[in-house]
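Structure 1 and structure 2 below are the same protein chain in two forms, each given by itself as structure tokens.
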Structure 1
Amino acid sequence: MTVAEEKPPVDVDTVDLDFIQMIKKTGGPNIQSCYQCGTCSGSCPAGARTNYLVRGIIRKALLGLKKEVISAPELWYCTTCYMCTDRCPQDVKPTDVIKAIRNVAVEEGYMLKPHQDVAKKVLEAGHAVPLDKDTWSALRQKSGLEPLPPNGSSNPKVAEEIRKMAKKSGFDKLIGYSDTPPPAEKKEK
């Protein structure tokens, strides 16, 4: 537990309004409707077992405590179950607010390596969970299916198209993806 006097008071006259605007623009337009009733946290299965407190994150964001909000590891414990969104009396859509805050966090470099790797796989193979072993093909044959499904696993063009779009939008740089396979591999081992 953090003791209150360890932290300076928040000056509400110098709130980081840019941060609120960023959240509103990235998918959480209703964040300013929150009146802190706590229905969201009371419904939250992630909050029931971790220090993740959705109501608190929203309050901190509204106070402009950007750094504190985007750097908190618990930001990544929301399973996006939308329980809070279905119950919030103010239509804040807390789930979307959390996703928007995560977008800001990633833009500022706060992301977990395992998530980065999932994103890279989609650029490499067209799939987050690729058909990367013969055993998976064998599993398909056991189910009476052709060894390769008619998706990105049987068509390298699929991943190629995704890479082109990622390059165009700068998403490849965001996740540290490089076209030449060795550097991406080297980082992991």
Structure 2
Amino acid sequence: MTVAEEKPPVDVDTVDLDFIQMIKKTGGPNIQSCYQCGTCSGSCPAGARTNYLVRGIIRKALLGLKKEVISAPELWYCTTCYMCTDRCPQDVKPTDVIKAIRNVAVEEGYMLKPHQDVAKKVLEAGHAVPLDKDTWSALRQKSGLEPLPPNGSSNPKVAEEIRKMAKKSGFDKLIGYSDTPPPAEKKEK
């Protein structure tokens, strides 16, 4: 038999009532229309394979539990497939709510390392999944495509422009990106 663990009670002193307004402003204007029917969680492919519950995140957000919501690793489990948004009977747009909460989380310094790595790859290469030119160019041409896709892989200036925007907006600092290489370690003789 497995013993169920009790969760600690919610500390009402940590409730952030401005959190809901912040979410509404950053992309989740209909969050307060949620009546917790569970359609979002029931139709979520990520939730079927992980402990991710869209409904749970939205409920905690509605309770103003900002710190608990933005620091939760499962906030990043959403694949943004929009299945929940397509099925929500209240037009809450759960995917947009999750993305709005992620924006708040990043501003507060919370982001899973794999997501940081992808963001850094975009800044480095101009695309999240840059192609190895030697491997893919011939295959693309054989398939009747251009040797490189029309993204950062085919235009190095794209990555340069993305880095400029990231620097200007401060996104580079949010993800811990530096375009200067780390100092070389001194070799001992």
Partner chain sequence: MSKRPAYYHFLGCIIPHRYPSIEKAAKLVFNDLGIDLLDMVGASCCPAPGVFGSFDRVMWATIAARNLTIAEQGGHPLTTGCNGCFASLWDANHELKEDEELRAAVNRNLAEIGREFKGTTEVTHYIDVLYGVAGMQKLKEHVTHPFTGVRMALHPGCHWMRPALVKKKDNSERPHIFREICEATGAKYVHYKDELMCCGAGGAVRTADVKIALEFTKQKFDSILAAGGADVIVTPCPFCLLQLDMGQVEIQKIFGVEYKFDVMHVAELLALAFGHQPEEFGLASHLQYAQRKTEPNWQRLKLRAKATA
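Superpose the two forms; the largest set of C-alphas matching within 1.5 Å is the rigid core. Since we're looking at a predicted model, the values are computed, not measured. Residues are numbered by position in structure 1's sequence, first residue being 1.
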Panel number for the form predicted on its own: 2
Rigid core superposed: residue 49 CA moves 2 Å or more between the two structures: yes
Residue 140 C-alpha moves between the two structures by 2 Å or more, core aligned: yes
